[in-house]
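Here are two versions of the same chain, shown separately as C-alpha cells and labelled structure 1 and structure 2.
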Structure 1
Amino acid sequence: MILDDKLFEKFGVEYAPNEIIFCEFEPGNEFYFIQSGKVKIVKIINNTEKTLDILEAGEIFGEMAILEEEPRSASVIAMGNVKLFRFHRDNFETILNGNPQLAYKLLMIFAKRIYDQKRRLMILLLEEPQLKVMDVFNMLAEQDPHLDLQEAVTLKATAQDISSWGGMQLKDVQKVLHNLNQLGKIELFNDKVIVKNIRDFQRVVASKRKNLYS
C-alpha cells in the first residue's frame, strides 16, 4: 500500500539517515505513514538503546496520538533516507475519508492493540509476582501459534522485558525467575527463557484467576 503522491506536498516529510522522527517522552499529536524507507523503533533501557521493531514502507507508527496527546512511548529513528506522511490528529477524519485503505489499516492495528493491551491488563490484575511472571510466559507462548505446548518452549524475553510487561520491579522479577529456575521449571539465558511445562503455568494461572473473581 502506497499513498497518493499528491498528498505528499501537503503531508510529506523527509528524513536523513539516523535522524530522530520523534523521541520517547516528547508529547505527540501526529501519526505517521511510511511511504518509503525504513525506521527503527527504539527505547533506552538500562542505558542501552534497544531496538523494539523495524518498520517498512506501508506501515504506520505513532498511531496512539490519535487518541490524545501523550508522551511517546518509544523513539523512532530513520534507518536510511525515509519519506513519511505526517498526519495531525486535527485533520485525522479528512485524511481517512480520502484514504480508505489507510483507515482500514489503522482499524487492524487498533484491533490487535486492544487485544494485546487487554492481555497485559489480565497480567497486571494478578496479584502475586510469581503468577504475573508465569502469565507473561503464557502470553508469549500464545503469541506464537506454532509452538508445541506439550514440549518445553523457548520464549524470547529478558528479565527487563518481563518486568515491563508485568509492571513489576526488575528485582522482583529476578527473584521469581531465580525461584522458578531453582525449582527446575525454567531455564534462564540472557535473551530467552525455556519453560519446561507451559501447560502447567496455564493451569496455575487459570485457577488463580478464577479465585480472584469469586
Structure 2
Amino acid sequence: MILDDKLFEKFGVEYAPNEIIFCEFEPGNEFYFIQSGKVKIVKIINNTEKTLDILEAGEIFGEMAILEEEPRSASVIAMGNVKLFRFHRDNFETILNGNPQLAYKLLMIFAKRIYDQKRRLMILLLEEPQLKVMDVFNMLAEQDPHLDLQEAVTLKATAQDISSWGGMQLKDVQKVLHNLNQLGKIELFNDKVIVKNIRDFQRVVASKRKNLYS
C-alpha cells in the first residue's frame, strides 16, 4: 500500500544512501512506513555489526519502541534513496482516523512484527551456530501454513538470508550448512534449502532451549 502525495507532503521524510535513520539505544518516539526504497536493520552483537533484516516499500519499522516505550533495539540505515512516513504519538491518531485502510494495515503489521521480533530473539539467544541455523529453518517452516511438516520441506532461503536472520557470520552459516548437507539432513540449492526432517530440528532445538531455561 502506497500512501498519497498530499499525506507525504505533511508527514514524509527522505534519506540518502547509507544515511542513518536512527541508532540502537536511542529513545524511540517515532516509527516509519516505507513509501519507497529499502532500509536495513542492524544490531551490534558480540562487538560485531549484524544485519538482522532488509525492509522494502509497504513495510514499517521502529514500532517496538513505541509499543514498549523502550530504547531502540537496533539501528536502521537507508540502502538507497528512501522515502518514509514518520509517525509519532502526536500525529498517529490523527492520521489513522482519516485512513482506516492504513489503520488496519498497521494493526496487522504490528501483530506480525511483535511475533517475528520475539521469534528472532529466541534464535539469537541460542549459542551454538548449528542450533541457530536449525531454528532459522524452524522459523521459516512455521511461517508457511501449507507445509506438511511430516515430510521434507522446501524453504526459500540463501546462506546470506540465514546469516541475517540468525545474526551470524556468513562463513559460520556456510560451515553449518555444509555439515548438515554432509550428514544428509538437508539438500542445498542456490536459493532454497530442502530440510529432510524438520520435526527432528524442532525437537533438537526445543530440548536445548528447555535445558537453557530449566
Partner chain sequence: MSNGANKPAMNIITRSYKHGSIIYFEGDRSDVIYILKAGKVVLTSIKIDTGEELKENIKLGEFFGVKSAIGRYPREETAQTIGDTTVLVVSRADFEKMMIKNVSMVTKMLRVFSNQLRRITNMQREILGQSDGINPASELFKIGEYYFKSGNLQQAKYAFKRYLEHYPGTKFSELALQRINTIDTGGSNTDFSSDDSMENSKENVSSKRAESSVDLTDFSIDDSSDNENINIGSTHAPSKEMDDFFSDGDDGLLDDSGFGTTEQKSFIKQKDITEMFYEAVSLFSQERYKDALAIFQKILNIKTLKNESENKIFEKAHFEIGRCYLKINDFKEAVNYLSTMIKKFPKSDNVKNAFLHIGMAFEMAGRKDKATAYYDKVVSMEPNDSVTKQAQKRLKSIENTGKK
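Rigid core: the largest C-alpha set superposing within 1.5 Å between the two forms. Just so you know, these numbers come straight off a predicted model, no measurement behind them. For residue numbers, the reference is structure 1: its sequence is counted from 1.
Engineer: Which of the two structures shown, 1 or 2, corresponds to the form predicted on its own?
Structural biologist: It is the second structure (the form predicted on its own) rather than the first.
Engineer: Just want to know which of 144, 46, 107, 169 is the hinge point between the rigid parts that rotate between structure 1 and structure 2.
Structural biologist: Between the two rigid parts, the hinge is at 107.
Engineer: Once the larger rigid part is superposed on C-alpha atoms, how many degrees is the smaller one rotated between structure 1 and structure 2?
Structural biologist: Domain rotation angle comes out at 39 degrees.
Engineer: After fitting the core, how far does the CA of residue 52 move between structure 1 and structure 2, in Å?
Structural biologist: That residue's C-alpha is offset by 12.9 Å.
Engineer: Once the two forms are fitted on their rigid core, how many angstrom does the CA of residue 31 move between structure 1 and structure 2?
Structural biologist: It moves 6.6 Å at the C-alpha.
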